[in-house]
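The chain below stands alone and is given in structure tokens; this is the form predicted alone.
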């Protein structure tokens, strides 16, 4: 009997705007290839007004799942059939998974961040400052609270958005939380253990954009994290390293959340080293 050919590839991808600078496709497809999976990961530019149609298209074309990035992490929820526990708690989705005929929203961002932090220090008992109050900030703050953070300060320009996140953390996760209005350069508290940029400031192509913080507050003993994956060596990361801080750049979080999403979609535990190597290839090539 001759070989039975199957030319159908399973589809995953990412919906975002902008999306061209996002290296996730190369990272995930490298892992697909390594594990012998005939799958594809498509980077798809989706405007906010087209999100509903994009989700319908993913259903119709049998996508096994997809990631959501800026600006869709909250807006996508109304187009899904349900939410996993963490996504429901956070009110933000970065990973959609097909389960049967349903699309279920999950969130792997926060778990990916906490895993990166644990390589440097235990999150339990930490005083955490998070810049921003969007989808990434929601995910990270909830997972940090669940991991035992002592206090969380949300620094954001929008009072409504900032206080909404503070209420979520206080009421649902029972952690000491405050909102600080972000106006001008933010002064980093001397009590802070971890400072996190959870905004899009510094994302390609605005690579020289400056996160408005008073850099004299950067010091040895402070962990500084930036969620921006491209470029990973952001202006904030460079300043923090110069000041002797411990630094987490966007590559670690991207790999860790990618490992979780890969397992959700395929059922396979991927080799993280393959993803790290793919990102190293991307960024080393970009720097030459």
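Residue numbers count along the first chain shown, from 1. Predicted, not measured: the structure shown is a model, and the values here were computed from it.
Absent from the display: the form predicted together with a small molecule. The rest refers to it.
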property	result
Listed range touching the small molecule, judged in the predicted bound form by heavy atoms within 4.5 Å, from 228-236, 215-223, 37-45, 50-58	228-236
Distance check, residue 257 to the small molecule in the predicted bound form, heavy atom within 4.5 Å	yes
Touches the small molecule in the predicted bound form: residue 164 (any heavy atom, 4.5 Å)	no
Distance check, residue 182 to the small molecule in the predicted bound form, heavy atom within 4.5 Å	yes
4.5 Å heavy atom contact, residue 134 and the small molecule in the predicted bound form	yes
Answer option from 201, 103, 175, 192, heavy atom within 4.5 Å of the small molecule in the predicted bound form	201
